[in-house]
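One chain comes next, on its own, written as structure tokens: the form predicted alone.
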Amino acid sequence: MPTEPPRSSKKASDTFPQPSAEAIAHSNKVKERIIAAIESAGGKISFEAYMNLALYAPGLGYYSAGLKKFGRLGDFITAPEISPLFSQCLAIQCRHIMQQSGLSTLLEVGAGSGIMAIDIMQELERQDSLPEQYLILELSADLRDRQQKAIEDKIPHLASRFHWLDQLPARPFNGIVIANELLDALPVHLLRLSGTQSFERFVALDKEQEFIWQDQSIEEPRLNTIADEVRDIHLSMQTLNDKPGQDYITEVNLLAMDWISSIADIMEQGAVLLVDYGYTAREYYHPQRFMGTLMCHYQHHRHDDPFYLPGMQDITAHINFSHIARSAEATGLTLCGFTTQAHFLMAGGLVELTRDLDPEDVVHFTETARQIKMLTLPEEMGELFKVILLAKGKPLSLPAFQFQDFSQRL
């Protein structure tokens, strides 16, 4: 079975901020937990299992240990942290859904710092369209505590409408499910295509107890099906591949597909509005994207070594929205729209929300312009981030998807 070290060298991490002794000690605990799992499994675990432990091991993982993750003092900044305009546009679309369907329950999955929930509820209140309840499914006790404190601090008069869940609601659920940058944080499988052979990439240990890659033939049927899909895409785009003999590394997010199925399973009537960074299948598995999309974030430094300080850095992969749409339609959801974040915001209320900006108020005007650029410019978040709308029951038509709907590309 092929083995190799991680893709990034130590030289890359030499430019990062130096971790504290406390951070190193914590990471070592996470590493010990992963090593124990590898040894217990007979010498290797799937990358999905590695990523799950690094991010979600109880009390140790990146999302489970109370680390500062969001904002300028964390490891990355999300759209709701950049500007309230993002959440206000989401709120406007939620209002349209509620008007068209009669629904009055919002469910946010993975609410981060809580700022998106606060901004959405403030905008819906301004439009006299408050939902009866705003549910938050949050598995991190630390993040749940932060969300509750933020809501009590900023919108105490609306706090009674919020309720926190430990798992998805029981069926039948009628409401609107929203999530921003949720699916990219779900652990992924890694595939390596080499010539006519396909492998799944596992994590093993070398003699010094350091993590290394170890590949074996694919056993999971769904992974084999997707490996075949990748090869079909490459054949159809063969002239675009500069190095046809090169190994091809890519990710498969089975958990994201399963998550969509679980939403469809509990939903009687409602909508699912998801925002994340990613591509269609033909873009995702483009021959020139031979190193995949796996990315790590450590104190605003981006790199591709998932073995660096496990537990102290975020690990993500882009979303294959074609797989999300297929999984949705296979489980009873209807695809109602797919567009870029820029088109979603521009058609979904951003123009109206900023129409009365006073250019004489130079500080506020300049700051708002900066925020809009970050949210909409192609080289920022505008094109890489996508928005997909799924529905069950009554068909939906939202203004945010009427300017440019790229559903046919999925």
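As the structure is a prediction and not an experimental result, all values here were calculated from the model. Numbering starts at 1 and runs along the sequence shown.
Missing here is the form predicted together with a small molecule; even so, the following discussion is about that form.
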Do heavy atoms from each of Tyr63, Pro80 and Ala111 fall within 4.5 Å of the small molecule in the predicted bound form?
yes
Exactly one of Leu335, Ile155, Ala264, Leu137 comes within 4.5 Å of the small molecule in the predicted bound form through a heavy atom, and that residue is Leu137
Of the residues Leu273, Ile92, Ile118, Leu143, which one places a heavy atom within 4.5 Å of the small molecule in the predicted bound form?
Leu143
Does the 4.5 Å heavy atom contact test between Asp215 and the small molecule in the predicted bound form come out positive?
no
The small molecule contact in the predicted bound form: Ala185, any heavy atom under 4.5 Å:
yes
Any non-hydrogen atom of Gln88 within 4.5 angstroms of the small molecule in the predicted bound form
no
May I ask you to check whether Glu123 falls inside a 4.5 Å heavy atom distance of the small molecule in the predicted bound form?
no
So which stretch, 80-88, 288-296, 126-134, 227-235, is the one near the small molecule in the predicted bound form (non-hydrogen atoms, 4.5 Å)?
80-88
